[in-house]
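Read the single chain below, which is given as structure tokens and is the form predicted alone.
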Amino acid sequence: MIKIENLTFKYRNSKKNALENIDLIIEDGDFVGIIGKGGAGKSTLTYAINGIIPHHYQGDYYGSVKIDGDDTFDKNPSELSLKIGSVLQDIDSQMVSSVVEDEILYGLENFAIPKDEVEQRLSSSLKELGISSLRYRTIESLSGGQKQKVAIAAILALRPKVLLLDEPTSELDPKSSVQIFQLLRELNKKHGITIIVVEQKIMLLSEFAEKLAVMSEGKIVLNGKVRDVMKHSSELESIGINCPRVVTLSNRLIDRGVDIGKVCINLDEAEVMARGLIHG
């Protein structure tokens, strides 16, 4: 479990807090989306979770972030990375090798994984991501979606409990974006890996995530199950988050007293709602 209590952080030489009074609990096996407009504090929050703050980015730090009871303030990022694997927004900056196989071997060797486990972990992580055929390819020859999968495979080989991703689809086309989220859901459901993903595409989060934390000006302003958060579409739009049209439509119908049962969060649900209204 990840437990964040009263977390406030201000970067050195900054005039205002990047995070302010953050309280958040992420249970084992959760699939949590973090959303907010630019500058809301999303990336800073991920840095606090994986220990980059306060160990690399320093400043005024108050409160606590605990991973399975261990305070990240007392653990260096290398120790934490065996529990929390991070995929950066700039995927190219994360790559340290020129060949896919070496990229995955780097982490295994760096953390002194026993030699008799290395091949099994390498091959199984590639297979899990569906990229065994890329094993001997050069990194520079890969597409954006393939690079994302390689980065996730490299982390998966270390068998972390938590996978933390910062805008993994920012450079991907819609089809590749959906593929990455389908992959994340499979890792979450099949292996019980806790998924925390910062994402601007609210349609993807509403489709795949189970919980949603909404940030604005360094604070979490909404937090809960996706459908419960989506009930507040007017508030979301007021802080610069454009909700899917089906969400806005269903909320407006509910506000006008139309009995549609629940807020629709995807097209399939909207179709069922429309048929019910037409034939009901």
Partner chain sequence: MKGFLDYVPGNSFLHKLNPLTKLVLALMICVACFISENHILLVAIILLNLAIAKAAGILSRGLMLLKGLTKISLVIFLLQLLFIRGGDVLITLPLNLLITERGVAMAFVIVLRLIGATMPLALMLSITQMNDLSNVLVTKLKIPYKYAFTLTTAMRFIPIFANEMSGIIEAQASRGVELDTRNIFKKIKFVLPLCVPLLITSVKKIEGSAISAEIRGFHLRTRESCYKGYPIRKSDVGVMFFSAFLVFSAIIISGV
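Source: prediction; values computed, not measured. Numbering follows the first chain given and starts at 1.
The form predicted together with its partner chain is left out here; the points below concern that form.
Within 4.5 Å of some heavy atom of its partner chain in the model of the complex lies at least one heavy atom of Lys115. Put simply, Tyr61 is far from its partner chain in the model of the complex: not one heavy atom of it is within 4.5 Å. Within 4.5 Å of some heavy atom of its partner chain in the model of the complex lies at least one heavy atom of His56. Its partner chain is not drawn, but in the model of the complex it has a heavy atom within 4.5 Å of Glu119. Contact annotation: of the candidates Ile52, Leu253, Val221, Ile239, the single residue with a non-hydrogen atom within 4.5 angstroms of its partner chain in the model of the complex is Ile52. For the options Met95, Ile180, Leu204, Ile195, the one in contact with its partner chain in the model of the complex, meaning a heavy atom within 4.5 Å, is Met95.
Look at 239-247, 22-30, 44-52, 226-234: in the model of the complex, residues with non-hydrogen atoms within 4.5 angstroms of its partner chain sit in 44-52.
Residues Ser98, Val99, Glu101, Asp102, Glu103, Leu105, Tyr106, Gly107, Glu109, Asn110, Phe111, Lys115 of 98-115 are found to place at least one heavy atom within 4.5 Å of its partner chain in the model of the complex.
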